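Below, in C-alpha cells: the form predicted alone, a single chain.
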C-alpha cells in the first residue's frame, strides 16, 4: 500500500486496543501522513513508535481534531459521547469502538464483510466534508459471530441463532489481563485469590457466567447481562435482519486473549450436505475454515495475534436438519476491535492492506 495523505488520530492510544491500532497501522502499511495519539493526562508525553516514526501522546482538548480525516476511538462510552461528535464537527470520520452509538438510528454499525455498502466513499487527499460522521465498531464477540453468519444468511437465510461465548480477559483491557496474572500467581503459590476490581468474582482457574451488568427491570431482557444483549441486538442490525431470533449466553474464562463461541444456526432453507456448508464458509470473506476432513480445529491461543475469524467443528444438529453447530474463534483485540476499525477505514478509501497476519 503506497503512502498517502490520510491524517488520523487515535483516542485511547495507551490502552490495549489503542496499542493494537498502532501495531496494525504499521503491519498493514496504512497510508497516513499524520498521526495524533490521545490519552489521559497521566499518559501525556509518552512516546510511541509507529512505522519507524516516533509520536508523542497528548491529551484531548478543544481543536485537537482539526485537520484530521479519521479518528479511531478506543476509549470508554463517556469519552466517545463527548468527543466523537467533536471529531465529526471538525470534519473527520469518527470510528468508535465504544458502545455509545452502536444502536443509534442513523449510525452505521460497521463490519466490512457484512455491510460495506453502507460506508461513505472517500478519496485520499480530500477531506471527508459532508461525509464526516460517526461509524460504530460493534462489540468484539458480535463481530466474529456476524462474519461467520453472513455467508449462511446470504445463501440459506437465518431463522434462529443461539450462541454461547467463552471470552478472554483482554476484553476487559489491561486491568483484566493484570488481574488474571496476579490471581493466577497467588493460586499457584497456594493462596486463595479474592475478588479483584475488574471481574465480579476471582477469575483465576474459574469461569464467570457474567460479562457486564445484569438486567433486572422485568423487561424481555430480564436476566440477561449487557454483553448478551449487545450480541443479540447488534447481530440483527449488522445483518439487517430485524426479525431473526438471536439468543446469547456469555462467559468470561481465564484465557489471556481471543474469544471463542459455540454457535447453533437454524437456517430457513436446508443445506444439501456438510460439504456444501463448508464450501460456503470457506469462500466467505474474512473466514478461515477448519474442515472436518482436516481432523483439526482452531483454539483461542492459535487465533491470538491473527486476523481471520476461524470456524471449525461444523456439524449438523441431529435433532433438526436445518440446524448446524460450529465453533468460532477470533482475536478480540484485532478483528474484534482495532482491525475491524482499520478495515472500515480501508474500505472507505478503497485500500488493500499490505498483508494479513496468518
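Numbering follows the first chain given and starts at 1. Given the structure is predicted, the values throughout are model-derived calculations rather than measurements.
Heads up, the form predicted in complex with a small molecule isn't pictured, but that's what we're talking about next.
This chain lacks the partner; the member of 245, 174, 155, 195 within 4.5 angstroms of the small molecule in the model of the complex by a non-hydrogen atom is 174. Checked against the small molecule in the model of the complex, the residues 50, 314, 68, 39 give one hit for a heavy atom within 4.5 Å, which is 39. Annotation: in the model of the complex, residues 76, 170 and 337 each come within 4.5 Å of the small molecule through at least one heavy atom.
Checking 326-334, 302-310, 27-35, 289-297 against the small molecule in the model of the complex, the stretch whose residues place heavy atoms within 4.5 Å of it is 326-334. Among heavy atoms of residue 347, none comes within 4.5 Å of the small molecule in the model of the complex. Heavy atoms of residue 12 reach within 4.5 Å of the small molecule in the model of the complex, making it an interface residue. The small molecule is not drawn, but in the model of the complex it has no heavy atom within 4.5 Å of residue 92. At a distance threshold of 4.5 angstroms between non-hydrogen atoms, residue 260 is out of contact with the small molecule in the model of the complex.
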